[in-house]
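Quick setup: one chain, the form predicted alone, written in structure tokens, and binding and motion questions come after.
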């Protein structure tokens, strides 16, 4: 009997499929994606890779909005999730009915939404941004004299507002993983490791961001571990990222930022439960059955693609 990874490799070839994986899924899925000609990256690069490759089927190891983004950019391709129940608290925090009413109440504002949203929300937006592009896009819109309606992540929105000084009305969503980080415990950990560089994703609370040496997207944080001179890093994002960080800088020491502190449930539990639903078993099952396919209404798909395309053109 062939191992499950060998079975997946065979199924990928048979289906002319490519596996694209997010930094937060398991190390074994990340490795498999790269071994089979896929990619490990952030959500937008996953979708862009799927769009530009020759595969007929894109298999997305991540959460639902990532599968939807892949489908938006490649509507002619089959897009499969490993588990369609794998979602995101930011997506859930921003239901299209409520969000659309909110937009209608503020017609004078340019609607900018984070990639961590549903296809319907992206279709309602003027711009889609990533954590890596949000500052540049908002700064550009500010220069154009635009007032902004931002959704869904309040922490990223507050960070962007502080950095740019833009006029922003901010939807109050949050990431269940990044919101767990506790500034009080992080400050104590920094004292124990005074030479460490603190890396923080801007979906974290402002009090945690304030303690950072580097604030940025998943890619920015990975590159910081590779490029900076420090030998120890305290990392405040989903701990799935440690696999790629260790690949890039195997000689450096990585410490999980604490989720311990007032109201904490554990000392360090920064891993998305929905990302953890991605397994080798359901990867093989999706390939063999075609279940978990992402389908989006064509009119929604087209409007969402226009919002994403603005970002792709802006960052080209």
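Residue numbers count along the first chain shown, from 1. Because the structure is predicted, anything quoted here is derived from the model rather than measured.
Heads up, the form predicted together with a small molecule isn't pictured, but that's what we're talking about next.
Peer 1: Since the partner isn't included here, can you check whether the small molecule sits close to all of 182, 204 and 259 in the model of the complex (heavy atom within 4.5 Å for each)?
Peer 2: Answer is no for this spot.
Peer 1: Name the residue from 100, 164, 217, 78 that puts a heavy atom within 4.5 Å of the small molecule in the model of the complex.
Peer 2: After the contact test, the surviving option is 217.
Peer 1: If contact means any heavy atom within 4.5 Å, which of 244-252, 25-33, 38-46, 280-288 contacts the small molecule in the model of the complex?
Peer 2: Stretch 38-46 is the one.
Peer 1: How about residue 122 - does it come within 4.5 Å of the small molecule in the model of the complex, if we only consider non-hydrogen atoms?
Peer 2: The answer is no: residue 122 has no heavy atom within 4.5 Å of the small molecule.
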